[in-house]
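The same protein chain appears twice below, in two forms, each given on its own as C-alpha cells and labelled structure 1 and structure 2.
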Structure 1
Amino acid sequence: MLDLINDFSPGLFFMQALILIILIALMRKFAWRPILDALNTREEGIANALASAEQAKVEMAQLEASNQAAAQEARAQRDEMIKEAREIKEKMIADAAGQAQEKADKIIAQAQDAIAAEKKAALADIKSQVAVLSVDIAEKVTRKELSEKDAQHALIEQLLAEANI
C-alpha cells in the first residue's frame, strides 16, 4: 500500500484528468452526439418502417376480407336470383298448366253440354217422330175398325208417355 501511494504521481493524475475532460468534451461534440443521434434516427426509422409494414399488412388483410365479403354477397345474390328465376319459371309452368286444364275442362264441359242438348233434342225429336209414326202406323192399321179416333189417340199418347226412354 505504501508502495502504491509512493507510486502515485500527482502530475500524471493531473494530466490524465485534463486529457479525460478534453477528450470527453471533444468526443461528445464530434463523435458520440452525432453517432447516437444517427443511430436513434435510424432505429426510429426502422421501427416506423416496421410499424407501417405491419399497418399495411393489416390493411391488406382488411381489404381481402372485404373483398371476400363482397364476393360472398355477390354469390348469395346470384343464388337468390337463380332461385327466384326458377320459382318464376315453375310458377309460370304451373299457371300455364292450370289455365290449359281449365280451358280444356271448360271445352269438355261445353262439349258435354252440347252433346247432352243435342241428345235431348234428338231424343225429343225421335220421341215425337215415334209418336207420329206410331199414330200413323196405327191409323193405317186400324182406319176402318176404329171409329173413335180421338179416344184411340189419347190412349197411344198415354202409352207413349209411360214408355219413356
Structure 2
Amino acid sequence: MLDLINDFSPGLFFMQALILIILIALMRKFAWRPILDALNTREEGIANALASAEQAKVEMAQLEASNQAAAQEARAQRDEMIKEAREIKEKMIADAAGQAQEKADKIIAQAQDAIAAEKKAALADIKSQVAVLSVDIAEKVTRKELSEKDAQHALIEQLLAEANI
C-alpha cells in the first residue's frame, strides 16, 4: 500500500478521472439508454404477454362455461326427446289397444249377430218342420176319422156349428 501512495501522481489521477467521466457519459448516451430502452421494451412485452395469457385464461373459462351450458342444454334436449318418444310410444300402444278392442268388439258383435241369425233360421226351420209334421199328423188323423161316412158328416156339422158361433 505504501508503494501505491508513493507512486501516486495527481496528473495521472486527474486524467484517469476525466477519462472515467467521459466513458460514463458516452456509456450513458450510447449504451445505457438503448439497454434501458431494450429492457423497458422487454418488460412491456412480458407485461403484454401476461395480460394476453390472463385474457386467454378468462376466455378459456368463458368457453368452458359455454361448453358446459351447451352440454347441459344438449342433455336437456335429449331428455325431452326421450320423454316425447316415451309419450308417443305409450300413445301408440294405447291407440293399438283401443283399435284391437274395437275390432274384438266388432267381431264379437258380428258373431252374436250371426248366432242370432242362425238361431232364427233354426227356429224357422224347426217351426216349418213342426208345421209339416203337424199337417202330416192332422192328415193321417183326418183320414182315419173321415174314412167313415157317418164320422165325416158329424165332423162337417160340428165345423159348421163352430163357424156359425
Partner chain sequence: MFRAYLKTAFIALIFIASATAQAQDQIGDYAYDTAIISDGGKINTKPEIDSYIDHHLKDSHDFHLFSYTNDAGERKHVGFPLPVIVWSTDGPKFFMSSEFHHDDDAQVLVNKGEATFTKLHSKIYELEGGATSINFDEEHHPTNAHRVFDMSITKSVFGLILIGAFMLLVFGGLAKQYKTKTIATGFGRVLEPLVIYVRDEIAKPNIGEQKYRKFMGYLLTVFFLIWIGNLLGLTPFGFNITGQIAVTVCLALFTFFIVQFSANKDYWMHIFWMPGVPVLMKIALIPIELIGLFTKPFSLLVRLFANITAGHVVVMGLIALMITLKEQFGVVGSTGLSLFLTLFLSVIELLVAFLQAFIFTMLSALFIGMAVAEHDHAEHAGAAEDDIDEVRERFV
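In this text, the rigid core denotes the largest set of C-alpha atoms whose superposition between the two forms falls within 1.5 Å. None of these values were measured; they are calculated from a predicted model. Please note that residue numbering is based on structure 1, beginning with 1 at the start of its sequence.
#### Entry: Label of the structure corresponding to the form predicted alone
Structure 2 is the matching one, since it is the form predicted alone.
CA of A51, rigid core aligned, shift of 2 Å or more between the two structures: Yes, A51 moves 2 Å or more.
| Core-aligned, does A70 move its Cα 2 Å or more between the two structures? | For A70, whose C-alpha is compared between the two structures after core superposition, the shift is less than 2 Å.
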